[in-house]
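A single chain, nothing else alongside it, follows as structure tokens in the form predicted alone.
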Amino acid sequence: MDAEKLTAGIEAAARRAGAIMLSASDIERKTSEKEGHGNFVTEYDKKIQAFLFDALREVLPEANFLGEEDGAGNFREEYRKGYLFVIDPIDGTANFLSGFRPSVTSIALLKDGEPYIGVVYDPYDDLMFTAQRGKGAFRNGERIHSLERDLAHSLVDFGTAPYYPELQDLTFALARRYMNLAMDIRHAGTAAWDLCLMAQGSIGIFYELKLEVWDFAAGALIAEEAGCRVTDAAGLPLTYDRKTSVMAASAGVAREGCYLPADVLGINVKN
């Protein structure tokens, strides 16, 4: 199928998923805990993912599916060929549970193991971020571009990797160091959204030291297509078959260099 038609179909499904998110009520009572500190799932995560699986099968029947809430979090060898939808129904579940905005729906379509289309939708502000490989990044249909300023004149946004306590010291050591190098520090609570902030030129660096593929696959493509440099924390290309660190730098910060953990702390972070 043509990439434009695929993207339109994915956008339509994301909007309908967003309507489910906006309809949520009595969220706390409909919430349970998963393994790991601060790791929650609501009935709406499950409801939205089930809806998206059904809706996206109509868009691309031959595709496989990998979703956060389906209990099949392992990347299978068969996913390396053909099409694979990678879905986070509500990225920012803790935000969703707490009434802290935003929470987003993230949908990536991988082709032969690599990102092909990315869609991230924030229903609260009706913001739709999209990208197709090699065709640029867009917000509500308007082309967006990475920030051109240097680090000293940019914000740094980071994820806390809350499910991995062994990474807390390093995560916050980086934040403390970047605090001295950048304008200020931010934490939004959703990696997909953070990467879209990179794409629209709001921040100069985003990092998180361990993420699942559904957390970053769509946002990473959107950020890359906007002109950001997106790698793991060691500066190596992202992998889409396992958990990984994610490090994104705006065009301006990447051009300046000296922003990776090995640069600012003298530590080469390995996945």
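The shown structure was predicted, so the numbers you read here are calculated from the model rather than taken from an experiment. Quick note: we count residues from 1 along the sequence shown, nothing fancier.
We do not show the form predicted together with D-MYO-inositol-1-phosphate (IPD), though everything after this point is about it.
- Of the residues 100, 124, 172, 163, just one reaches D-MYO-inositol-1-phosphate (IPD) in the predicted bound form with a heavy atom at 4.5 Å or closer; this is 163.
- Proximity to D-MYO-inositol-1-phosphate (IPD) in the predicted bound form, defined as a heavy atom within 4.5 Å, singles out one entry of 93, 130, 154, 105, which is 93.
- Interface residue remark: residue 68 is counted as part of the site for D-MYO-inositol-1-phosphate (IPD) in the predicted bound form, having a heavy atom within 4.5 Å.
- The shortest heavy atom separation between residue 201 and D-MYO-inositol-1-phosphate (IPD) in the predicted bound form exceeds 4.5 Å.
- D-MYO-inositol-1-phosphate (IPD) is not shown here, and in the predicted bound form it never comes within 4.5 Å of any heavy atom of residue 229.
- Proximity of residue 191 to D-MYO-inositol-1-phosphate (IPD) in the predicted bound form falls within the 4.5 Å heavy atom cutoff.
- Only one of 84-92, 111-119, 135-143, 173-181 lies within 4.5 Å of D-MYO-inositol-1-phosphate (IPD) in the predicted bound form by heavy atoms, and it is 84-92.
- Residues of 196-232 that come within 4.5 Å of D-MYO-inositol-1-phosphate (IPD) in the predicted bound form, judged by any heavy atom, are 208, 210, 211, 215 in sequence order.
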